[in-house]
Ligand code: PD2
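In structure tokens, the next block holds one chain alone, the form predicted on its own.
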Amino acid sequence: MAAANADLLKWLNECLARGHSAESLTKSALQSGWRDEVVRAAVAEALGHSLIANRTPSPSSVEKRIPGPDLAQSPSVLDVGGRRIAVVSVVKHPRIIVFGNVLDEAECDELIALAQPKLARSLTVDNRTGGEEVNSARTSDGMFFDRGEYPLCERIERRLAALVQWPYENGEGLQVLRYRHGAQYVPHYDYFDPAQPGTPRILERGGQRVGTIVMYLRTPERGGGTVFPDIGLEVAPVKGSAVFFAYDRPHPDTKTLHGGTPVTLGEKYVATKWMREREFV
């Protein structure tokens, strides 16, 4: 990732302190002519500094239950409902696990086919209201399934619930995203920012997000990796595989800042599953 420009970073920090959203600042910086990679680096750094300055981390001595597979014996394969899911790599802090063979080829293709008629410009959460908005930081097309909307969805969702030992009912419905040439998602956090006025409304549906699984449905020829800038990790978007990460509190100390790099050749499709603290309604 490119280094953050000092002048741009100073401006972003000042604007964040005055209450402007990261989304609006990203859009303004891009419209002002700053290069995309410089904006992404500066926003990620400024956002992390802002969150650290305005919130006190939860005491490290207090452990909170979060999703996660049983890796106590360092298995290379997990048997989930008769499906052998490979444990490709593990990062302990943050808790990031790359899995192989989460979905087979037919499941990937069927999920894309079910999603395609409903794909539209992706939205992000509007932190001011708890609703949704178009965001220049996210340039994919996407759609949401209701939880268990199709037999395929329910089969995948129950497999994921068993894989990370988290209640099926606590999961949001699958979201399918299509990233065409140049499409990306700048680094961000998946938890809901407690400092934003719209967050209490969002949390009414099941509490905070505590885990994310990104499944790759189509491999682009170039680009489209999932990056974790805080630890210098990039996960290749290989069809049928997935990356899982969990976060025990809504704070940058979880080191779960992540993003999707631009697709430079071909198309990338992913399906994302978010897990909440409580039953998602």
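Quick note: we count residues from 1 along the sequence shown, nothing fancier. In this text the structure is predicted, and so the values were computed from the model without any measurement.
This next part talks about the form predicted together with this ligand, which is not shown.
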I have 177, 188 and 214 flagged as a candidate spot, so tell me whether each of them has a non-hydrogen atom within 4.5 Å of this ligand in the model of the complex. yes
Given 179 to 187, 92 to 100, 69 to 77, 166 to 174, the stretch touching this ligand in the model of the complex at heavy atoms within 4.5 Å is 179 to 187
At the 4.5 Å heavy atom threshold, is residue 259 in contact with this ligand in the model of the complex? yes
Contact with this ligand in the model of the complex for residue 226, defined as at least one heavy atom pair within 4.5 Å: yes or no? yes
Determine the residues of 254 to 274 with a heavy atom within 4.5 Å of this ligand in the model of the complex and present them in sequence order; the list may be empty. 258, 259, 260, 268, 270, 272, 274
